[in-house]
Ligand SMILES: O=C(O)CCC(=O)C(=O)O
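Shown here is one chain on its own, the form predicted alone, set out as structure tokens.
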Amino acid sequence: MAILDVDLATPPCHAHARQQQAHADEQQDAGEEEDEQLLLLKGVRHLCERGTITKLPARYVLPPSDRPSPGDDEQPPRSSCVSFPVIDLARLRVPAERAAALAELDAACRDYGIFQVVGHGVDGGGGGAMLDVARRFFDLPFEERARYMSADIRAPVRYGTSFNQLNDGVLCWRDFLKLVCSDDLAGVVPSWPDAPTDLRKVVSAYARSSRRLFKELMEASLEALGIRSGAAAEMLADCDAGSQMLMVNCFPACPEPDLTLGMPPHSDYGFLTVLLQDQVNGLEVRHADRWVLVDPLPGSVVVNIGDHFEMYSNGRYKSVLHRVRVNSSRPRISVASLHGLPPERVIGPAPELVDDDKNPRMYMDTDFATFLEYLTSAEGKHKSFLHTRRLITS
């Protein structure tokens, strides 16, 4: 009753003014919230360029159960990190050593799903040119980078942020440049960024060399799996005509790295991913039920098994779950070259690796259209797409 008395005692003009002010405050709050959302969609690099950031924006803060905090007992100290297999391509090329090298490759794909490769010749062996041009691209003014911004995950050339910014409930501390390649690079290179001026030349050379590495590793892996020559030749022909996508990643220094991730836990869709990274640590893989740091080996590239190769091998090779951590002091640059078969190719277990008794079929057939449908309708993480293809779960 007292509230009613106060309201009745307020002059009508004052009540109207108060309502107008409240409405204006609501509009201002909504406008500020909208401005913040638009700012976040411009990417982490742009956010950092606006000034010193001392606190992580709320949209990047993970739930406590998903945070890679220092107190997480699954995070081992550097001294106890797993030594992942190192495959020397030079040994695969020597007839007397090939059988032993194939056995090592087979064990790496079975037991780890990830390995480091030396003697690869990718980008001159050291990867310096590719990493350098990637760093200079992200150093361009925002207006230059923004020319390629798109929320369309199907765009063949795309500058974006997070993991899947349309579906992510929590954004990731990452910006990326996506470049779809093909066996005829001359047809796609003109659509790539023209700055820095040497980007197209450097990236196309890197794309060709990583494609050669993919083909050589696939040939060796098929031999290690025991795939017969006719079927192997057909698969390698598909690899020649297959898909390739470069993801050039920038992970800026983060004010509160223990509250977020550069990339969430996920597995890669295709057959093999070739990863070039600088000497800033960040990549972790799930191994033996814990997160393990992949310490960069100078001069190496990291190769991991993708979902399609696990399906094709009928579960013999393992698509590895991985994530990227960020740090508070140094930016990190990496370039992932994701390789697969032509988009129209239906993938299923190789007939040679399936029998009704000891090795029943573990996965149903799939294609790229099915994956895209999944990707646009769900938050792709924790290998959930691969699990939707499984026929045997035990």
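Throughout, we count residues from 1 along the sequence that is shown. For clarity, every value in this text was computed on a predicted model and none was experimentally measured.
Note that the form predicted together with this ligand isn't included here; everything after this is about it.
Per-stretch contact check against this ligand in the predicted bound form, the hit in 330-338, 45-53, 361-369, 348-356 (non-hydrogen atom, 4.5 angstroms): Only one stretch passes the 4.5 Å heavy-atom test: 330-338.
Complete contact of 148, 172 and 175 with this ligand in the predicted bound form (any heavy atom, 4.5 Å): Not a single residue of the candidate spot has a heavy atom within 4.5 Å of this ligand in the predicted bound form.
Partner-contacting position among 316, 211, 158, 266 - heavy atom within 4.5 Å of this ligand in the predicted bound form: None of the other options qualify; the answer is 266.
Pick from 249, 243, 300, 164: which residue has any heavy atom within 4.5 angstroms of this ligand in the predicted bound form? Of the listed residues, the single hit is 249.
Any non-hydrogen atom of residue 120 within 4.5 angstroms of this ligand in the predicted bound form: No, no contact at 4.5 Å.
State yes or no: in the predicted bound form, is some non-hydrogen atom of residue 308 no more than 4.5 angstroms from a non-hydrogen atom of this ligand? Although this ligand is absent here, residue 308 would stay clear of it in the predicted bound form, with no heavy atoms inside 4.5 Å.
4.5 Å heavy atom contact, residue 133 to this ligand in the predicted bound form: So residue 133 does not count as contacting this ligand.
Contact with this ligand in the predicted bound form for residue 222, defined as at least one heavy atom pair within 4.5 Å: yes or no? Looking in the predicted bound form, residue contacts with this ligand do not include residue 222, since no heavy atom lies within 4.5 Å.
In the predicted bound form: members of 291-324 within 4.5 Å of this ligand, any heavy atom: The stretch touches the partner through 322, 324.
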